[in-house]
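A lone chain, given as structure tokens: the form predicted alone.
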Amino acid sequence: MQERAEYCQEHHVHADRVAHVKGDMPDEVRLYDLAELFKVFGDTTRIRILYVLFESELCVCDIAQLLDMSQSAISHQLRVLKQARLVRSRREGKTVFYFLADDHVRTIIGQGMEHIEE
């Protein structure tokens, strides 16, 4: 059975609702930035990295071991995650540890997992 596109049965614009939403709508730059943020979540490797960092602060060697990937591949993806401000790092001697940037990232990952498990 082919799904049909949804259309209004009767052409009637609810001007009050449209005006309300239009007044609260972010500008195009902010919406673009939001879309770019969600693109970062569109890569399985980055999601796997975020998930392991959801569980614990780790160095590149630890992440590479856990995900059975090369350190260079992990480093590349960590760079993308840092640029998106999803991951931060701290140095302890010669080792750099990575962790989720803030509770917002933790919430996004946690709620995403809850959503797919419903």
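Take the two forms, find the largest set of C-alpha atoms that superpose within 1.5 Å, and that set is the rigid core. From 1 onward, residues are counted along the sequence shown. All of these numbers come straight from a predicted model, not from anything done at the bench.
Omitted here: the form predicted in complex with another copy of the chain. The next part is about that form.
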Please check if residue 88 has a heavy atom lying within 4.5 Å of any heavy atom of another copy of the chain in the model of the complex.
-> no
Any of the heavy atoms of residue 84 lying within 4.5 Å of another copy of the chain in the model of the complex?
-> yes
Hey, in the model of the complex, is residue 76 touching another copy of the chain, heavy atoms inside 4.5 Å?
-> no
Is there any non-hydrogen atom of residue 99 lying within 4.5 Å of another copy of the chain in the model of the complex?
-> no
Stretch 90-107: residues contacting another copy of the chain in the model of the complex, 4.5 Å heavy atom cut-off | 95, 97, 102, 104, 107
Return yes or no for residue 25: a CA shift of at least 2 Å between the shown form and the other one, with the rigid core superposed?
-> yes
